[in-house]
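Have a look below at one chain only, the form predicted on its own, in structure tokens format.
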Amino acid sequence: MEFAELIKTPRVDNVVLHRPFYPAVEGTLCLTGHHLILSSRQDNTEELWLLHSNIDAIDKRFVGPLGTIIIKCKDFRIIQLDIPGMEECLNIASSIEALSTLDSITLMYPFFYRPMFEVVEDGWHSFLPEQEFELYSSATSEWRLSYVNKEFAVCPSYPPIVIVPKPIDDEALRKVATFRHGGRFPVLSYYHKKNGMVIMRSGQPLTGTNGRRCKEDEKLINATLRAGKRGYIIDTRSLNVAQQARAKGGGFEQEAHYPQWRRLHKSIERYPILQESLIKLVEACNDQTHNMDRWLGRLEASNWLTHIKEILTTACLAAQCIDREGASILIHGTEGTDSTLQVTSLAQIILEPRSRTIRGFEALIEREWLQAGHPFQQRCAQSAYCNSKQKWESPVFLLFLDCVWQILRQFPCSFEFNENFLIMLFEHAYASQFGTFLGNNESERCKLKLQQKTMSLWSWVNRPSELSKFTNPLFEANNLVIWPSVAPQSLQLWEGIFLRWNRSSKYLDEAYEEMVNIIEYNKELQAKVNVLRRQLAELETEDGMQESP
């Protein structure tokens, strides 16, 4: 298919662009295969370049011969285009609708994008499972790399290489995979070097109504326990939901078959409910007519902060089991690709200082989201404005980033990255020139040949010129476990995401710049103090030598 077939009117003059915090701009609107571009002949006017894949929905209005298109973006921005001529307006609108809903992944922009920067590091090879395993192998010899999923035959949503207990052979893993939802047998997610406890993750066991069991599964899970130790299974579903799953062939671990494990149920909502919550929240944030009661009522009715609290509470429980109880844990919900990954990731941010650095956090996203099979292509296909009722969309990753922001806000000096880093990841998960978030799992990414045909997001982010934008000036390495408060009073609406198009950030930006200047000035003064101290010490030494007979 040629993009030209979808572009009915490639160019329109005298189009007026309205967008938040900018004066209206008149210019020429151009449609390409992947971008909507508005350029003005006025000096010092910033051009608009908008990826079609960032467009969530469009509305059309007509007043006489003038047509208006309202473009609603996946990053929650709303843009208005006033287009002279009804026919041109209709043509532009239908072209945008067609180009923003392409079925084929290989027609998306990452397959056509060519970087204008020098590629210093190939991001596709920055965080390989073998490298991650090396970090653990120095501390323990109880685990091994398994290549049982080399051809994605055992589990289509797992990577080719996984970390499993050393005593369990690949044949046993194949048997366990038939007992777990989607073939997602328990694998290592995190090893706590302080006490040797681990976090594992998997899909639900397929016990069904007959109480089916799998000896190899029991052996695998027990292989992670130290002598005399108990473990916890954290199920991210309520007990009621887990029991209902048995009627569909799913279920949970029976105490009789897993006597050394205690099961805890922590209810985290699933994707349709989360999507509805996001839609309500964004609607409330965009409504400028609220009085105080109505705003607070709509914020509460969205349940967004309740979901944040549920996820953070479960992550804190997981971290507590590991660090304070000295117990290993297995985490799963139904599929093990959504709430499970939210909890394993956040528990690591609480427990592991490396996960709070830029590269450590990138490694976490690679390991616990991309390689672990979170279906980004399905979950991020639409955002908060889409009219069509889709089944799979859900802001699971955005909720995770929001939880990270809540912890960052409570521990502003413990993270090497800043809020802009989290916002950038949110934007690229939904629409990007890079191939990192394409596909639903490693198997799909292999078939698409993303490593050969697209650029990795990390190749761009990890260049010094970009890293400086994402570095937290307050960062001081903190090697301790950090315990965030999950009290309702401690949780806030993430204004940097949900209100950034509704109010100017000018004064916040100025305050941030002033803070950076103060920190730099403080470093300069500290350096001068150190020089003066050295000079004073040298003078005192000389005086001592002169006084001694």
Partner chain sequence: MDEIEVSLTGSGRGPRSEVLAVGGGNSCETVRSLLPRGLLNSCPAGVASCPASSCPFRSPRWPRLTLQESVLLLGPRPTPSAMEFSELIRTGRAQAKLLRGPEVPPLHGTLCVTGHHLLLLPGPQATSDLWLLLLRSVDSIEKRVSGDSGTITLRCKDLRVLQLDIEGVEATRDIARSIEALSSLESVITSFPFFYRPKGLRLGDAWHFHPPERYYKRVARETNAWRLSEVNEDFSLCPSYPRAVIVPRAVDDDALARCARFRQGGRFPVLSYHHAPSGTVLLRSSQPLTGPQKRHCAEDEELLWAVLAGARPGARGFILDTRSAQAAKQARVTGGGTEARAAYPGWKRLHRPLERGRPLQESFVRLVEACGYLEQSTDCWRSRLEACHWLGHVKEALSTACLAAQAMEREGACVLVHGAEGTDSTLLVTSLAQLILDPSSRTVAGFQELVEREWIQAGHPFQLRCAHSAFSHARPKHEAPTFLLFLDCVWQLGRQFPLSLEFGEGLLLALFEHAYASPFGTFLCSSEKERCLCEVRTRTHSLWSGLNQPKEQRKLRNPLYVPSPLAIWPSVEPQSLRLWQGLFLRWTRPNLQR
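Residue numbers count along the first chain shown, from 1. Please read these numbers as outputs of a predicted model, since none were measured by experiment.
As for the form predicted in complex with the partner chain, it is not shown, yet the points below apply to it.
When contacts are judged by a 4.5 Å heavy atom cut-off, residue 303 counts as touching the partner chain in the predicted bound form. Shown alone here, residue 431 lies farther than 4.5 Å from the partner chain in the predicted bound form, counting heavy atoms only. Of the heavy atoms in residue 134, none are within 4.5 Å of the partner chain in the predicted bound form. Contact between residue 499 and the partner chain in the predicted bound form is found at the 4.5 Å heavy atom cutoff.
This chain is displayed without the partner chain, yet in the predicted bound form the stretch 288-296 from 349-357, 288-296, 140-148, 367-375 comes within 4.5 Å of it by heavy atoms. When the partner chain is considered in the predicted bound form, only one residue from 475, 392, 411, 258 comes within 4.5 Å through any heavy atom, namely 411. 309 is the sole member of 463, 309, 265, 174 with a non-hydrogen atom within 4.5 Å of the partner chain in the predicted bound form.
The partner is not shown here, but in the predicted bound form the stretch 515-543 reaches within 4.5 angstroms of the partner chain through a heavy atom at 515, 518.
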